[in-house]
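Shown here is one chain on its own, the form predicted on its own, set out as structure tokens.
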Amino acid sequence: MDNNTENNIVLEIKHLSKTFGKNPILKDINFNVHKSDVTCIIGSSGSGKSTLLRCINLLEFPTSGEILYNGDEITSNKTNEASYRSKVGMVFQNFNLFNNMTILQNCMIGQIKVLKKDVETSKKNAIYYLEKVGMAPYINAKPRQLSGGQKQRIAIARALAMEPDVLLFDEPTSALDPQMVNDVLNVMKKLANEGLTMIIVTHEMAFAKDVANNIIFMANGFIVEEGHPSEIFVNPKNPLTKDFLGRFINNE
């Protein structure tokens, strides 16, 4: 554990596998996430990317293997899942906002229920993070009154209000109209520049190349290749990686 602290390792994924019925989705996944890392996971649909994030967040339980958070194994029955998820938060494709609550209430509820913060502290914290993502003017609106891009920025603010150590993003721009994508990516880029530890499943290759310091390419449930963007995008070694990135590199 001391060694993890020394190396700033926040998450360790060891020999992680996940099977649904007889269908193996994740196969012997291994990687580490250090403090302030921005890890982008890329790959075709069905490669296991989202399932991997859901396992890390304990929305799915691995069939085998280990997930260590700050050196502690978290897939045991002793883990307080709500408390863990407040530290390893997640932003989903489809926002998952509470439609019957205002934007401000959406960003306060987790703080009150999970972190046991008082109403005033939760409100102050929520407004701070809504300002951070440019959504403070909308605190009294309901989600149905907002665009997809605005909803996703609120979902990010809600996750940030829990003040997590790591934030997971599952294709955060895939449900957005093209003109709204940049608003969300710019918020994420700002968070990366501020040192937030992030794991991002994305199909936005230019963003991954520009913002990540570690790229993981997945295919058929395996990690096929991992490395710095300068290695993966410029000189991919595996034929599957070359094939997947071919169109992006050729169109650059």
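Between two forms, the rigid core is the largest collection of C-alphas that superpose within 1.5 Å. Numbers follow the displayed sequence, beginning with 1. Note that the structure is predicted; figures quoted are calculated from it, not measured.
There is also a form predicted together with a further copy of the same chain; it is not shown, and the following applies to it.
a further copy of the same chain in the predicted bound form is not approached by Asn30, whose heavy atoms all lie more than 4.5 angstroms from it. Among residues of the shown chain, Gly46 is one whose heavy atoms approach a further copy of the same chain to within 4.5 Å in the predicted bound form. Taking the partner from the other structure, a further copy of the same chain in the predicted bound form has no heavy atom within 4.5 Å of any heavy atom of Glu231. When a further copy of the same chain is considered in the predicted bound form, His203 lines it closely, a heavy atom lying within 4.5 Å. For the stretch 123 to 151, the set of residues having any non-hydrogen atom within 4.5 angstroms of a further copy of the same chain in the predicted bound form comprises Ser147, Gly148, Gly149, Gln150, in sequence order. For Lys87, the Cα coordinates differ by under 2 angstroms between this form and the one not shown after the core has been superposed. Core-superposed comparison between this form and the one not shown: the Cα of Gly71 travels less than 2 Å. After superposition on the rigid core, displacement of the C-alpha of Pro143 between this form and the one not shown amounts to 2 Å or more.
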